[in-house]
Structures are given as structure tokens and as C-alpha cells.
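The data below hold one chain only, encoded as C-alpha cells and taken in the form predicted alone.
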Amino acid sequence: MTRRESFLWMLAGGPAMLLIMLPIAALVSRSATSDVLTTLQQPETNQAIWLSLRTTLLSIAIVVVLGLPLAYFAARSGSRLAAFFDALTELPVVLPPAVAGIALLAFFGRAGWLGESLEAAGIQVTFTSTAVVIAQVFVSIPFFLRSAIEGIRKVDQQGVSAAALDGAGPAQVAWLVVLPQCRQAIFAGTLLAWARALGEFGATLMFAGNFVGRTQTMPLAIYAGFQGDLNMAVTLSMVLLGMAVFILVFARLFNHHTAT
């Protein structure tokens, strides 16, 4: 591409870049006029931040543990069931958040398929921090699966065949040959899933409610702050923005390190 062509394409793509940059710049500018430090010291703000960190770290651990076997099956099995699972894993991505919340209620709610039995055993899932984790896992696992599946599919098959010829069993092939070669994709998927879990709002609101200190994560606190305490909404928005930037920078540094 010549310099002239590059310049013309840059001009054509400029409006899209401005649409991304200007609202973020406006948010940063707005935070400069807000009492951020004072707001961060408020109990409601601290509770929302720590609840988000605790629940998302737990949900991402669950996503990796549950998602890795499914990703391996979907990527390496040539069966029709694997193809069906591969397509089904993308459903939560396009599912409206309110529908996701209702679906979780239909399964885990008091009158749900599993919730009714749990309720009879004295176990409540809805409107608890457990519900927050379940909602985060539900909406974030497709991001991990997509990245992990693509990474596993790109593994060099010659190495896999050589390991099998040397007598390595299926588990040894998976853990010693396949997964180490796609660790970059697995890590990228983990970061993407964490970012999605941090920003989860709709399904959590429907399924877990918005209770301070129990289910009110940062996105829910932003929603509540927008209705009554705009400083808290702006402050928590800046916290989430900073975490998003950290995730992007960390992912790029990791990719650069593994590439070199």
C-alpha cells in the first residue's frame, strides 16, 4: 500500500476511531472534575470493586476448568456432536442479556428445573453472590472457548502424530503436546473472558439482583450511581476503564513475549 493509499484509508477510517476515542476522552475529562479519591473511600464503592474482583476471578477459574475439556473436544473431534457443541457455545454471545437472565432463572430459580430441588434442600442460588458467579460464567465462557478452540485447531498435527507413535496416551498428548502449543490462545481467551465477566450487567441484574455488598458488582453500582450518585458512577467507570486498558496492554505484552 502506498503512502497516498494509506492516508486515504486513514481518513476513511477516522470517523470510526473518533467514535471510539472521543467518548472515552470525555469520560476521562469528566473524572477530572469528580471527587474520585473521596468516592473510592465510600463503603458502597469499595464493596462493589472487591465483589467484582472476587466473583470474576472465581468465575474465570471455573470457565477455564470447565471450558478447556469442551474446547479440546470441539476442536479435535470430527463428530457431528462436536460441531453442534462448537456452534452452541456461541449462543450466549448473541443472546440478549435479559433473555440470559430469564434463562438462568428458569433453571436455577425457585421454580426452575434445578432450583426447585435446591430450594427443597435449603440452598438458595438466586439473588446471592453465587448467582453473580453463575451469570458471569454463562456470558464469558464463549469468549474463552472461541479462542481456545481456534488455538487447539492450529496445533501442528505432525507433533501430535509423532507423540502418539512414541507411545503417548491421549492424556499425555493433550497435556504435554497440544495444550503447551496453544497456551497463548488459552491465555488470550482467559483475558477476554475476564474482561467480559467484569462488564457483565444484564444477566446479573435479572438473576442476582442489585444488593449492595452481596450482588452489586461495579456495572450494577454504576447503574445505581447514575440514578443517584453520579460521582460514584464516573469513578467506577474509570476503574473499569483502567482495568480494560490493563488487560489489553498485558495481553499485547504477553503476545509479544511469546512471539519472540
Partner chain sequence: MLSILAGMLLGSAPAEETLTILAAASLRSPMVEIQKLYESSNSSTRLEMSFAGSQELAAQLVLGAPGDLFLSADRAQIDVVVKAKRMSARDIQPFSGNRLCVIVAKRAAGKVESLGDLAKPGIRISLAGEKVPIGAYTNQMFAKATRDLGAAWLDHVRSNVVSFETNVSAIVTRVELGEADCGIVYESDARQAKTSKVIGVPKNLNVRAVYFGGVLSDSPQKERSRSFFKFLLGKEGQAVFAKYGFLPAK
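Predicted model only: the values in this text are computed from it and were never measured. Numbering follows the first chain given and starts at 1.
From this point on, the text means the form predicted together with its partner chain, which you will not see here.
Thinking of its partner chain in the model of the complex, which stretch from 189-197, 64-72, 205-213, 49-57 has heavy atoms inside 4.5 Å of it?
-> Within 4.5 Å of the partner lies stretch 205-213.
Tell me, out of 171, 111, 121, 81, which residue has a non-hydrogen atom within 4.5 angstroms of its partner chain in the model of the complex.
-> Looking at the other structure, the residue within range turns out to be 111.
Evaluate residue 126 for contact with its partner chain in the model of the complex, applying a 4.5 angstroms cut-off between non-hydrogen atoms, and reply yes or no.
-> Close contact exists here: in the model of the complex, residue 126 approaches its partner chain to within 4.5 Å, heavy atoms only.
Does at least one non-hydrogen atom of residue 100 fall within 4.5 angstroms of its partner chain in the model of the complex?
-> The answer is no: residue 100 has no heavy atom within 4.5 Å of its partner chain.
Does its partner chain get within 4.5 angstroms of any non-hydrogen atom of residue 227 in the model of the complex?
-> Although its partner chain is absent here, residue 227 would touch it in the model of the complex, with heavy atoms inside 4.5 Å.
Wondering, does residue 163 line up within 4.5 Å of its partner chain in the model of the complex on heavy atoms?
-> Because no heavy atom of residue 163 falls inside 4.5 Å of its partner chain in the model of the complex, the answer is no.
In the model of the complex, residues of 71-108 near its partner chain [heavy atom within 4.5 Å] | Residue within 4.5 Å: 105, and no other.
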